[in-house]
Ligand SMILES: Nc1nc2c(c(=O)[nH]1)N[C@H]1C(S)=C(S)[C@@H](COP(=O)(O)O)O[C@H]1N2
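Have a look below at one chain only, the form predicted alone, in structure tokens format.
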């Protein structure tokens, strides 16, 4: 069956069903096409499944809007405080020369990358909108290496479904499915607005996921793990966010 036929079947099923029964139909259709989010259980699970399945079938290859340089926010808001750990302070004092990104899991060639190494790979610049679920937002230029390039370097295995990414802040982690992991706008970002990525905005390395809300763009990235299941990661919900009441999938 073609992707277009799948879209028609899925959307026709959603249109034909209403209310609680409609959510049940949506869940069944999503299950048929393997579009079940990790946080599908619980009271809001059917709604999460409906949102995720619909987005993936209708907007899998869509692009986040990119803006002209004239619309870059003059003073972008840096949410939160930088890490206060001694490890981070030592790395910062050394200009992050010893910062490393480890990539492991379901890959053919596990590897570790320095910032200097990442900067030697083909880079991409995009001016996109970062929207926070708390209501604030800004437009900035983000510079980095596309995540797909790094994943190609390590050779993701065919059964892989998710990329889990971890911050040096131990309780801060998240994940994306392969549609977002392999998307050309998903960047391992080391630059912002023509300079290095400021620490307040996640420097030295932040995963930028412009097709989702800001909390998916985790700061201070030190590790990526490729996997086919979210079991064994936190509570199995896909990230720390749904453990705090947010959705795993935060598409915009």
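Numbering follows the first chain given and starts at 1. Just so it is clear, the model here is predicted, and its values are computed rather than measured.
The form predicted together with the named molecule is left out here; the points below concern that form.
Enquirer: Is residue 190 close to the named molecule in the model of the complex, meaning a heavy atom pair under 4.5 Å apart or at it?
Expert: Answer no; every heavy atom of residue 190 is more than 4.5 Å from the named molecule in the model of the complex.
Enquirer: Whether residue 78 contacts the named molecule in the model of the complex should be assessed with a 4.5 Å heavy atom distance threshold; does it?
Expert: Answer yes; at least one heavy atom of residue 78 falls within 4.5 Å of the named molecule in the model of the complex.
Enquirer: Please run the contact check for residue 148 against the named molecule in the model of the complex: heavy atoms, 4.5 angstroms, yes or no?
Expert: Result no; residue 148 lies far from the named molecule in the model of the complex.
Enquirer: So in the model of the complex, does any heavy atom of residue 138 sit within 4.5 Å of the named molecule?
Expert: Yes, residue 138 is a contact residue.
Enquirer: Tell me, out of 103, 143, 91, 130, which residue has a non-hydrogen atom within 4.5 angstroms of the named molecule in the model of the complex.
Expert: The residue in contact is 130.
Enquirer: With the named molecule left out of view, choose which of 183, 56, 201, 40 has a non-hydrogen atom within 4.5 angstroms of it in the model of the complex.
Expert: Contact residue from the list: 201.
Enquirer: Just one of 104-112, 130-138, 175-183, 151-159 has heavy atoms within 4.5 Å of the named molecule in the model of the complex; which?
Expert: Result for this chain: 130-138.
Enquirer: May I ask you to list the residues of 181-217 that have any heavy atom within 4.5 angstroms of the named molecule in the model of the complex, in sequence order?
Expert: The stretch touches the partner through 200, 201, 206, 214, 215, 217.
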